[in-house]
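What follows is one chain in structure tokens, specifically the form predicted alone.
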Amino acid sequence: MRRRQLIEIHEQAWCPAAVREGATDCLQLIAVIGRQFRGAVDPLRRALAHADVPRIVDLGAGAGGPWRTLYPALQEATERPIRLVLTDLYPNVSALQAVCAQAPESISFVAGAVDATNVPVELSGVRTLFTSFHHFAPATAQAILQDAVDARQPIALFEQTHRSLAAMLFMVVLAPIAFLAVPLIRPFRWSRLFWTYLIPAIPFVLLFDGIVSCWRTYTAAELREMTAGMHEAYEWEVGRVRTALSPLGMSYLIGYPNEGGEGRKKEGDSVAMSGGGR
């Protein structure tokens, strides 16, 4: 099944903010309730072992991603305090503030746009992308990896979608969960009810974007090919772990500087972080 660089509705500028944020809020709730990313703890620990500072910089954080449950689990599994910085090209500020409130001394967010292909040098630490790497066309995806290599920062990617018919059928089952999930999301918003029950835009976006995400997801072979020219400076690991709700599991790619490799340090603009410690 050939990868296709299709569009996802929630990425488009014309998509109403209430629909975009409602869809990402639903995905976050499902991830939290299902503890879908607990399998990411061990790969993240391995990446953190190669970081200069005990910090994770989440790129494409959306509504906060899996961090409500993943952060406590990761902190429990490590021997030193871990800082977490949430970033996005289009940050959902209210949702990120809610995640930061969970541990304001350890979790912060960047209120402005952060480009994953040009991360400011101040944001050092393990770079993570959860269920978002497939959004990027091959050239941009490789630029994200290359930017981490140039800055000599570890990077970890996690995807729950797969480019297969079984994964697409699973999305058909998953999307209607929005009708049950929306009333449970906090803080409560009437707009979510409007875009779910009166005009079912949020469930439609989850279904449409979920299927498109499967078409866009990179295979393990494609990830290995993408990193093939970076092995002189970096160690790369591609794998898959089990998840609670999905029989398909979660695939991942982690990379970190090797002892003999050389990368290019780069300068970046200063970034103001909000909502917690740094």
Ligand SMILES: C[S@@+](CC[C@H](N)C(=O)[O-])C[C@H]1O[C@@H](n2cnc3c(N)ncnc32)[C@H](O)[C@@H]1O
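The first residue of the shown sequence is 1; numbering continues from there. This structure is a prediction, so every number in the text was calculated from the model and none was measured.
What comes next is about the form predicted together with this ligand, which is not displayed.
Asks: The chain here is shown without this ligand. Which stretch in 246 to 254, 228 to 236, 42 to 50, 65 to 73 comes within 4.5 angstroms of it in the predicted complex, by heavy atom distance?
Replies: Checking each option against the 4.5 Å cut-off leaves 65 to 73.
Asks: Can you work out which of Val114, Ala181, Ala167, Val149 has a heavy atom no more than 4.5 Å from this ligand in the predicted complex?
Replies: Contact with this ligand in the predicted complex is made by Val114 alone.
Asks: Scan Thr196, Ser108, Ser132, Thr161 and let me know which has any heavy atom within 4.5 Å of this ligand in the predicted complex.
Replies: Flagged contact: Ser132.
Asks: Is Leu89 close enough to this ligand in the predicted complex to count, meaning some heavy atom within 4.5 Å?
Replies: Yes, contact at 4.5 Å.
Asks: Should Phe204 be classed as touching this ligand in the predicted complex when contacts are defined as heavy atoms within 4.5 Å?
Replies: The answer is no: Phe204 has no heavy atom within 4.5 Å of this ligand.
Asks: Find out whether any non-hydrogen atom of Phe208 is located within 4.5 angstroms of this ligand in the predicted complex, and reply yes or no.
Replies: No, no contact at 4.5 Å.
Asks: Please run the contact check for Ala61 against this ligand in the predicted complex: heavy atoms, 4.5 angstroms, yes or no?
Replies: Yes, Ala61 is a contact residue.
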